[in-house]
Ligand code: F6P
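Just one chain follows, in the form predicted alone, and it is written as structure tokens.
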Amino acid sequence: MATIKPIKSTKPIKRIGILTAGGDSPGLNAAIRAVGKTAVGQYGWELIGFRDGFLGMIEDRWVNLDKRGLVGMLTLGGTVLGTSRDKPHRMPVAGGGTRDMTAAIVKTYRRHKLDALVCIGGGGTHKNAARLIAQGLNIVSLPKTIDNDVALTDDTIGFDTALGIATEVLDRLHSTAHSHHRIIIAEIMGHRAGWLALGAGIAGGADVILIPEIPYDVEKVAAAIRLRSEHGSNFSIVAVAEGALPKADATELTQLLARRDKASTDVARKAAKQALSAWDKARAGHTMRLAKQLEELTHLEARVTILGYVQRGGTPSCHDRLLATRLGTAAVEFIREGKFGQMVASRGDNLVAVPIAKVAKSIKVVPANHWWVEAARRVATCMGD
């Protein structure tokens, strides 16, 4: 698809749009509110919200977000606009196959005479936003995901709340693990990045933490649990990210990803993606298999708790409300200053503009020498390696 020159004008900003895409996260409504109260209340712009992410732009489903519509949103979980994981360039069609609906979004953007669009989301959202920027849309984005894996920002909307929820679950699991002399395995979200499992594991006092970035050896995990038993501890808590891998699987995944990245034709890329998808499906239930292996190796009873979507729900934490408000107000300033094609990133005490195209190219994973990892090891937490 040909690249269109960005829509830029010297006339004042009058109307902007906003959408939330990808998985829901606590703090999304706080971010919508921050954008709205700044854009509408401070600058007198019009703000329209699109329903269900990019799908709402394709189908032109929207709602006017005036001052009255922004009341009572700060403490609400989820997103009042709804969300979806639809990819505009690959929308399913009846009878199978996909269709590129990017042009429909461009038409909606122009039909509403938008001066800019705010996209709030994670990795997939930033990839979609980058494609729309190439078509001339003025976009500013905000990083959102409970996984904290958006590249080039320290923090993402929703992570702190999910971290608190996962930590509380581990706190509660300690009592039942101790009472019944069991291994309790808590599966925590994090498909490619282990920030959530690592942070919750440390804060919740897990004895073993397994994350995607550090492939594990089940024999070493079992040895750590047996050692605890020998020293008088009759239970163990294992915090495992959903994407954690034993070493053999990690090697296989690396090969599949390399095959996908090296594919030079559409046919080869499609085949590589299908192989990767089949591999992912074959690993379904891996936490249950881990539990069975640990039972066999330690002769202790093991039970699995899968936190699942409970990590996404509920009222956002104070930190996420503050972060969302800070990022949302900054997004409006970016628009006012003409800083388009940028994500508002949190860097220490500062907010910086990061090109969305760069964000879309990578994810933020846990470095092997990150201080969280080093702290976990110093308190004798087994990392599986």
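One rule holds for the numbers: they count along the sequence shown, beginning at 1. This is a predicted model, so every value here is computed, not measured.
We do not show the form predicted together with this ligand, though everything after this point is about it.
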property	result
All of 189, 242 and 312 with a heavy atom within 4.5 Å of this ligand in the predicted complex	yes
Segment that reaches this ligand in the predicted complex - one of 142 to 150, 251 to 259, 275 to 283, 71 to 79, heavy atoms within 4.5 Å	142 to 150
In the predicted complex, the residue from 127, 178, 85, 220 that sits within 4.5 Å of this ligand by heavy atoms	85
